[in-house]
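Shown next as structure tokens: one chain only, the form predicted alone.
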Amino acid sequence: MSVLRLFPEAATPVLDPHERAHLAALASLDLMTTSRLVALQAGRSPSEAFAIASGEQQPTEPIAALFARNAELRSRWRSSAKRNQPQEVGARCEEHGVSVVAPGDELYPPQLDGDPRRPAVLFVQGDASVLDARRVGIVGTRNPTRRGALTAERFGAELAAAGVVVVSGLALGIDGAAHRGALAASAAPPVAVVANGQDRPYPKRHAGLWAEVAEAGAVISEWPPGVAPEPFRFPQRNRILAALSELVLVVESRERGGSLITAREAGERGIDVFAVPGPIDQRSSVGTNRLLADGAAPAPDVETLLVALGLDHRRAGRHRVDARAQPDTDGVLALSLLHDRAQSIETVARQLGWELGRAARALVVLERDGWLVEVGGWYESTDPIGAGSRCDS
């Protein structure tokens, strides 16, 4: 078993490879939670804790009381310990390029050191030291509007271009869009906090995005390879995402969801929460508008976040990164008419002297590539300046 993965690279380890493998195996056990893992390790080494969990040693009084409260727990730990022997779990970590990072390690994120629910272990694909940079968490609904997804992508790209690490959860919707934007900037590396083992990217359709984030930055989990994305793990994941961020931005959120849990976790830690305002009749804005009513700060643009971080670069002429495909000649001409007002295909065709088919093709391509949105036959720019009145003159 390679020491390089069980010991984080360029770090002074607090555990030897033997104990680190036992710690990873403990985190693999069925029904394991953060609090149970902490209780098992109280005053003992990971190998001693694993011996108790597997039934090789008699439990201490606190663990016996835990078993008494949950009759299933003892049998589930014993049976899963047989399937997750330390050497095998360590080999799985090695196979998937996962470092086992314990509190006290040089690469254990300092942002988590004083956290009231500090993870007892982290599993890292990539380089956890990227968290030494400035950090913004971006979260939101898994079912965003097209404009919401484009907004998240733009925030991700512009924050990364300003040297800010984008922290998100690799979920569908807003999370994935923010990560794609950050990757497109090819600047500050992104960080993902996930709720399962790194051998099974979730959701499956984000497997490629997962690999890109791990290659450019880091994918961090509280759970080792082999652990499934069970529902109870996601709220636990959200506390880590919040704790790693200097501020949290919610782009779109429905009335309930994980992004609101992340916002609450941030608030409990004294981390500022920002929200992108949205239409009051749009379900995907119910949660964000409620956050604003409850005291979250509005974030109409990325400069607002940079000012909050003390990184306002507007006077320095900071380059704005756009992840969208550049429009062709017809697209540029059509966009020139849509920067300050929404217009119909007929209006665009008339003003440019085009046939309707040519105008329709140009607008459809612009909508596909994220430059426009179509609402009831009217096309409007996704650039915030372009949200003007409809005028068919």
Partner chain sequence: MFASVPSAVLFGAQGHPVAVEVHVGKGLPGFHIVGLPDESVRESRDRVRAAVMSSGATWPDIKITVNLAPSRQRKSGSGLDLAIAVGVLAASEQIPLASIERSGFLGELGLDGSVRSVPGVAPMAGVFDVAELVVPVANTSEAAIIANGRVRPCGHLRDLIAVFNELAPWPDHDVSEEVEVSATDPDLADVIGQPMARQALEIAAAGGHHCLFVGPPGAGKTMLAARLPGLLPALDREQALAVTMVHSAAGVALPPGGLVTRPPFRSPHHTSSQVAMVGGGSTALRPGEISISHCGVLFMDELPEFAPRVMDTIRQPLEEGTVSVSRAALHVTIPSRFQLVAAMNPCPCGDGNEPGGCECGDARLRSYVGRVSGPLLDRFDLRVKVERPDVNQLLDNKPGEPSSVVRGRVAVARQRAVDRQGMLNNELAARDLDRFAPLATTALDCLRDEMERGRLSARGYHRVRRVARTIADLRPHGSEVLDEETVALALGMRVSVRPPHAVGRAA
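Residue numbers count along the first chain shown, from 1. All of these numbers come straight from a predicted model, not from anything done at the bench.
Although not depicted, the form predicted together with the partner chain is the subject of the following passage.
Checking Ile63, Ile345, Leu338, Ala49 against the partner chain in the predicted complex, a heavy atom within 4.5 Å turns up for just one residue: Ile345.
Out of the listed residues Arg283, Arg269, Arg118, Arg76, Arg283 is the one that sits within 4.5 Å of the partner chain in the predicted complex by at least one heavy atom. Annotated contacts: Asp30, Thr33 and Arg83 are all free of the partner chain in the predicted complex [non-hydrogen atom within 4.5 angstroms].
The partner is not drawn, yet in the predicted complex one stretch among 51-59, 66-74, 363-371, 35-43 has residues with heavy atoms inside 4.5 Å of the partner chain: 363-371. Taking the partner from elsewhere, Gln236 is found to have every heavy atom lying beyond 4.5 Å of the partner chain in the predicted complex. A residue is said to contact a partner when one of its heavy atoms sits within 4.5 Å of a partner heavy atom; Val14 fails this definition for the partner chain in the predicted complex, lying far away.
The partner chain in the predicted complex comes within 4.5 Å of a heavy atom belonging to Leu150.
The shortest heavy atom separation between Ala308 and the partner chain in the predicted complex exceeds 4.5 Å. Contacts to the partner chain in the predicted complex (heavy atom within 4.5 Å) from stretch 21-55: none. Panel note: the distance between the CA atoms of Val373 and Ile280 is larger in the predicted complex than in this form, the difference being 3 Å or more. In the predicted complex, the separation between the C-alpha atoms of His179 and Glu367 grows by 3 Å or more relative to the displayed form.
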